[in-house]
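Given as structure tokens, the chain that follows is alone and in the form predicted alone.
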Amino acid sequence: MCTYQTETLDLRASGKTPEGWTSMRTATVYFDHPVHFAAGHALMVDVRNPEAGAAARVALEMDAASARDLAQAILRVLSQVPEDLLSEAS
């Protein structure tokens, strides 16, 4: 069963595509049937630059445990970075 749980957000990021590094503008996170990952359902993260065409896309498909671990690792790392360095990235 599909959950249709989807969130899309704006990003300021870069991603490496087959054509090289490019800016990424949006991320879509959803839980659905994966295209490649060997599972009935998975968490997907698509990071894209819609203005740059279909090739400007980085996609992840992962199980729920891996998604949670990745989210927690991101939050742990960010919590350890000095505030002045975080403001440089804005």
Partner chain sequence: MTHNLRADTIAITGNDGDEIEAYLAVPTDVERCGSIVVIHHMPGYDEATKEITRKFAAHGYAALMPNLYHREAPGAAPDDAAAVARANGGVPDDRLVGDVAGAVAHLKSLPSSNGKVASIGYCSGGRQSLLVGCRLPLDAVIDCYGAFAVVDSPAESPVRARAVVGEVGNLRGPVLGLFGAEDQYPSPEQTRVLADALSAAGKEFTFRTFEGAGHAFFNVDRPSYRPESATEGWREVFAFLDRTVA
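Residue numbers count along the first chain shown, from 1. Because the structure is a prediction, the values reported are computed rather than measured.
Missing here is the form predicted together with the partner chain; even so, the following discussion is about that form.
Peer 1: So, in the model of the complex, is Ala39 in contact with the partner chain at a 4.5 angstroms heavy atom limit?
Peer 2: Heavy-atom contact with the partner chain at 4.5 Å: present for Ala39.
Peer 1: Do Ser87 and the partner chain share at least one heavy atom pair within 4.5 Å in the model of the complex?
Peer 2: Taking the distances in the model of the complex, the answer for Ser87 is no, it never comes within 4.5 Å of the partner chain.
Peer 1: I'd like to check something about Asp46: if you look in the model of the complex, is any of its heavy atoms closer than or equal to 4.5 Å to a heavy atom of the partner chain?
Peer 2: Yes, Asp46 sits close enough to the partner chain in the model of the complex that at least one of its heavy atoms falls within 4.5 Å.
Peer 1: Are any of the heavy atoms in Ala54 no more than 4.5 Å from a heavy atom of the partner chain in the model of the complex?
Peer 2: Ala54 belongs to the contact set for the partner chain.
Peer 1: Even though the chain is shown alone, can you say which residues of 7-33 have a heavy atom within 4.5 Å of the partner chain in the model of the complex?
Peer 2: Heavy-atom contacts within 4.5 Å come from Thr8, Thr28, Tyr30, Asp32, His33.
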